[in-house]
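Let's start with one chain on its own, the form predicted alone, as structure tokens.
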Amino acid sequence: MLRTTPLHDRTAPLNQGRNWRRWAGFTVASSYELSHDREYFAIRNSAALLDVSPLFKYHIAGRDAARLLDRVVTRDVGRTQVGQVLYTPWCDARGKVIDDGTVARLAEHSFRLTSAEPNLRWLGDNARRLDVRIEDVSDRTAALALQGPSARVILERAVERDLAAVQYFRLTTGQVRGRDVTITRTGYTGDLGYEIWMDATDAIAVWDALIEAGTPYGIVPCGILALDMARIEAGLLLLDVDYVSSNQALIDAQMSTPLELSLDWTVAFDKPQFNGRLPIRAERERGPEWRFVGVEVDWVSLEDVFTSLGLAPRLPTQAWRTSVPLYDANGIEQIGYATSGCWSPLLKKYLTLAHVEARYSSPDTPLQIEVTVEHRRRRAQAAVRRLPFFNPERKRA
């Protein structure tokens, strides 16, 4: 039976079309309005409020807490400062990615790890003979994402303090209506944004305070459909869509390494040890076979595919999540596949995230993408693009 988040009493009455979807065993809104358009534009033009409570959350504490995390994840946790947040994948012994998430250093020997899938057993297996306590705090910790250009001013009104000093991927603490919260300057939209972490019993009060503070600035509750478009523009991976966990893969070809996912920057090769270090180092020396890239579909070519059949171009109004073949510039050899894509209302471009053979991964490499029109598979011209597609200065400023 699907569960509801601590914010369900607020989100359910707002869901006009009862448009729910499953996320980690919880029901969350796909969109609150009958169309997700206004929610998407709120992310890019004002502010959007998202319930991200279904994330798995683990508190890791003790003398060896940093040592455990350094054994598990690819980033260098030992070098982080209190108040710093890291995005990181983690791998099995073969260097294949299991999951990805964030590590926040709450205190000298205290961390919070977030993940898309359950990882309690994996953490426990790696913690043997270490002085560390691992606690699953997923159910008692609620989380909200406040994303968009007006996110800072709204949050400052709610916490009644200046947040300009909170840098990108850093955290601070505060109070909202007398409730203790942890604030991280993080998010999944590629825009200016924050995530607010609180006790589940305080979630409703914090939601109400943010809505009240944000109403003069056009705040809009936002669902997964709008978030999906924003994260594609931002070039952000999604587990079970853009890659398969090595724990769930049925064959080797379904697995990916951090280098194949173009996450080279997340791998601390100078760390003495972490799961998958040796095979990932060997892969770096010989070069990965695959790379994760952005692909932009040429509009004129796409339009020609439709007009050749007497049709106007038709694009999906929602982000899609499916495997779409990619071919070389001549359309002869399949050299990869797109995993998700959307029409970007902001950039006015048709964008996809994709896996391609490494030799085709350089920016501006011409490709072809399969397009199905009137039940027939056709091809449109496309080109590799550097990720992210959208990267505003305000995100880090």
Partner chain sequence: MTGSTRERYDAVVIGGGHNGLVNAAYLARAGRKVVVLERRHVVGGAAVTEEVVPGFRFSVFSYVVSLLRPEIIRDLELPRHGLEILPLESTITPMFNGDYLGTWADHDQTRQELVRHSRRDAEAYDTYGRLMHHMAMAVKPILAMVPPDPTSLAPSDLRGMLKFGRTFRSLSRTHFHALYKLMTMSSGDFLDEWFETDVLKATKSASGIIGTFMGPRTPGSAYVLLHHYMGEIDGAFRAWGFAKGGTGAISTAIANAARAAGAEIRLNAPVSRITTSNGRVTGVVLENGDQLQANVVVTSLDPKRSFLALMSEDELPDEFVQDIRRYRIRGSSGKVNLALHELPDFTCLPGVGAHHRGAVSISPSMRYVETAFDDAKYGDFSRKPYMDIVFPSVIDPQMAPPGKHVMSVFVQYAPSNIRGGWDAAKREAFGDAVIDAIEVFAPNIRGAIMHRQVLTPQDIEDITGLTEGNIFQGELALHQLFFLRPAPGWAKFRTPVRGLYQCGSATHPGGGIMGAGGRLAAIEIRRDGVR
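Positions refer to the first chain, counted from 1. Small disclaimer: the values here were computed from a predicted structure and weren't measured.
Keep in mind the form predicted together with its partner chain is missing from the figure; the text below concerns it.
Contact with its partner chain, judged by heavy atoms within 4.5 Å in the predicted complex, is confined among 118 to 126, 305 to 313, 258 to 266, 69 to 77 to 118 to 126. Screening 350, 58, 32, 360 for any heavy atom within 4.5 Å of its partner chain in the predicted complex leaves a single hit, 58.
Scanning 201, 173, 273, 248 against its partner chain in the predicted complex with a 4.5 Å heavy atom cut-off leaves one residue, 248.
Contact check for residue 383: every heavy atom lies farther than 4.5 Å from its partner chain in the predicted complex. Of the heavy atoms in residue 22, some are within 4.5 Å of its partner chain in the predicted complex. Although the partner is absent from this view, residue 136 contacts its partner chain in the predicted complex, with a non-hydrogen atom inside 4.5 angstroms. Shown alone here, residue 2 lies within 4.5 Å of its partner chain in the predicted complex, counting heavy atoms only.
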